[in-house]
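As a starting point, one isolated chain is supplied in structure tokens, in the form predicted alone.
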């Protein structure tokens, strides 16, 4: 039997590349996201694919989407909680509350909504794996990113706690924490379509394929091996804020 993987936030970046790589490895893939056209386009590229279009921040949308999963897609072996974002880059007292809510609702609550729905059938089978996409911001805080850092610290804490809670049921739990990756991340955060030209100038960042490759590595280890945590940085990045840039 082929394994089935569910990837949230698969319309671009890390989620999209992870879906492609897992499909190449023989996984059946369920992809989710808010942009229906992108989901449909990606599904056409994959061997066995099912797409679910919903906003992960809305628990009713999440529940309704899973209720509509065909029976042959309901057994999920691998959950990749990838959906996440940063909104705004200002000191805390200048942040927009709407940006706080978007990050908290997506990065924390959305992850919890999906995990809450998926994990019971893993528990029933005593088998499964959860990989949470975190960030270097979950390990090191920095100025003008307080709430984003807080949400990714929450992902780190949830990953560790899930590993304890689900350990009796033979469920693997781990996280991958990227540094600077050239995706839509900075475009969304800065609300600037040209943000990447500025943010990644002077050095070579990571690319979505680099993180997807690590996720696939975690997902294809033998049953007795669980990769608990991977931190991936571009060579030019020393920590959350120190970069070797050549101009």
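Residue numbers count along the first chain shown, from 1. Since we're looking at a predicted model, the values are computed, not measured.
If you look for the form predicted together with a small molecule, you will not find it shown, but the lines that follow are about it.
Student: Using a 4.5 Å heavy atom cut-off, state whether residue 185 contacts the small molecule in the model of the complex.
Tutor: Residue-level check for residue 185: yes, a contact with the small molecule.
Student: Going by a heavy atom distance of 4.5 Å, is residue 19 a contact of the small molecule in the model of the complex?
Tutor: Output for residue 19 is no: heavy atoms all beyond 4.5 Å of the small molecule.
Student: Does the 4.5 Å heavy atom contact test between residue 84 and the small molecule in the model of the complex come out positive?
Tutor: Yes, residue 84 lies within 4.5 Å of the small molecule in the model of the complex.
Student: I'd like to check something about residue 46: if you look in the model of the complex, is any of its heavy atoms closer than or equal to 4.5 Å to a heavy atom of the small molecule?
Tutor: Because no heavy atom of residue 46 falls inside 4.5 Å of the small molecule in the model of the complex, the answer is no.
Student: Heavy atoms, 4.5 Å, the small molecule in the model of the complex: which of 23-31, 47-55, 65-73, 216-224 makes the cut? Say which one.
Tutor: Flagged stretch: 47-55.
Student: Just one of 173, 122, 79, 133 has a heavy atom within 4.5 Å of the small molecule in the model of the complex. Which one?
Tutor: Selected residue: 133.
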